[in-house]
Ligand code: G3D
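There is one chain below, alone, in structure tokens, taken in the form predicted on its own.
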């Protein structure tokens, strides 16, 4: 038996959950946040993708869970271990926004205080809904007054380029929220 040096083992396992429907761009967003460079991912996540991101004063552990049907069953199981929820939606996939809304509201319904950060991804696409339309389509005004909720319009454009300032802002905010929840 080794000592955990004062770290409560449950606290040590707290993760920032990255969820959303398949094809929303979760992995690309996550890798771009980790590397501070745009990093596209083409293959869908089959299962789980864990990424540690170091900031100046902390280390954040992200857990992305695949968004296709078979993996959604795991989403709620990991919510209780979440520091905060990052939900990624494809702003240009209008047909799937109602499905994204349904899953998002199911998730946040099980945990009324978990902070929520929504990435309205693929803002660079011509068909992309604007932030206000995404806010409405996901019914974000209904997520509860006790919850911290943030919505960012993101895009992961040119591979290797620096991440847009909005993503840097989001990363800073996520670090703050995670620190507050620990």
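These figures come from a predicted structure and were not determined experimentally. Numbering follows the first chain given and starts at 1.
Beyond what is shown, the protein has a form predicted together with the ligand; the following relates to that form.
Residue 134 versus the ligand, in the predicted complex: is there a non-hydrogen atom within 4.5 Å?
No.
So, in the predicted complex, is residue 118 in contact with the ligand at a 4.5 angstroms heavy atom limit?
Heavy-atom contact with the ligand at 4.5 Å: absent for residue 118.
With a 4.5 Å heavy atom cut-off, would you call residue 22 a contact of the ligand in the predicted complex?
Residue-level check for residue 22: yes, a contact with the ligand.
Is residue 147 close to the ligand in the predicted complex, meaning a heavy atom pair under 4.5 Å apart or at it?
Residue-level check for residue 147: no, no contact with the ligand.
Options 26 to 34, 134 to 142, 51 to 59, 109 to 117; stretch whose heavy atom lies within 4.5 Å of the ligand in the predicted complex:
Going through the listed ranges, the match is 26 to 34.
So which bits of 112 to 145 sit within 4.5 Å of the ligand in the predicted complex, heavy atoms only?
Contacts from 112 to 145: 121, 122, 124, 125.
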